[in-house]
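Encoded as C-alpha cells, the following chain is the form predicted alone, with no partner shown.
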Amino acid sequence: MKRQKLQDCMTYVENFIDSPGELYHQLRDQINWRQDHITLFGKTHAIPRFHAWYAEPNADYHYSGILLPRNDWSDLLLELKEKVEKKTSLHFNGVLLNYYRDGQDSNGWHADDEKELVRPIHVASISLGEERDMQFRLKGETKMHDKVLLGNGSLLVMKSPCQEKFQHQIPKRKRVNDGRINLTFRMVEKK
C-alpha cells in the first residue's frame, strides 16, 4: 500500500498577503475574540489561544465539545475570503480565527474533520505575525511525519485527503515572543 505523502494534498504560497503586518493589527484589534475552556482527562483548562468564528447564517461550528458563537462577516473578512477563493478555486462559508499571543499559546494534535464540515474537506489557512511551524503526522501514528514553517502573510491550502489522513499541531515555542493570527477558511453544512 502506498504511503500518503503530505505534498500530494497541500500547497504553500508565500507572500499571499501584501501588507501582513497591517492586517495582523487590524484583525487583532477588530475581531470578537474569546477564550473558552476545554476538559481533557477530567481536568478543565483554558484553551491556550483565543478564537472566533465568522460565517454565513446557520453555518454553526463545533470543535472539542465547544459551540462557537457565530459572528457576521466583516467587510475585511469577506475581502480575504474572496481572495482565498479566487486563488484556490474553492468556496468557503466560514472562517475560524485563532490568536496565539506568544509561543506559549498552542494547538495540540488534531484534524479539521468535524462532522459539520462538508466532504470532501478542504481548508485554506492564512498566517499573520510571528512565524510558527505546523507539524504533521499520519493518523494513528505518534511520530511527526513532516512540518511546514508558516510565514507572515502565507497561505496554506490543505485539500482532501489531508484532514482524512493527517493530524497537525502548532506546538509551544519558548523563543517566540510575538503574536500570530491564523484564519482557517472552511465549508460547513448549514442547519
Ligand SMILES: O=C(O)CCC(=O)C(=O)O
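Start at 1 and count along the sequence shown; that's the residue number. None of the values given here were measured: they were computed from a predicted structure.
One more form of this protein should be noted, the form predicted in complex with the ligand, which is absent from this view; the next part is about it.
Asks: Counting only non-hydrogen atoms and a 4.5 angstroms cut-off, does residue 96 reach the ligand in the predicted bound form?
Replies: The answer is yes: residue 96 has a heavy atom within 4.5 Å of the ligand.
Asks: Please run the contact check for residue 116 against the ligand in the predicted bound form: heavy atoms, 4.5 angstroms, yes or no?
Replies: Residue 116: no, not in contact with the ligand in the predicted bound form.
Asks: Is residue 74 close enough to the ligand in the predicted bound form to count, meaning some heavy atom within 4.5 Å?
Replies: No.
Asks: Quick one: is residue 107 in contact with the ligand in the predicted bound form, heavy atoms, 4.5 Å cut-off?
Replies: Yes.
Asks: Here the chain is shown alone; which of 27, 150, 162, 124 has a heavy atom within 4.5 Å of the ligand in the predicted bound form?
Replies: If I apply the 4.5 Å criterion carefully, the residue I get is 150.
Asks: Among 162-170, 52-60, 39-47, 135-143, which stretch has residues with heavy atoms no more than 4.5 Å from the ligand in the predicted bound form?
Replies: Correct option: 162-170.
Asks: Residue by residue through 171-189, tell me which have a non-hydrogen atom within 4.5 angstroms of the ligand in the predicted bound form.
Replies: Heavy-atom contacts to the ligand in the predicted bound form: 180, 182, 184, 186.
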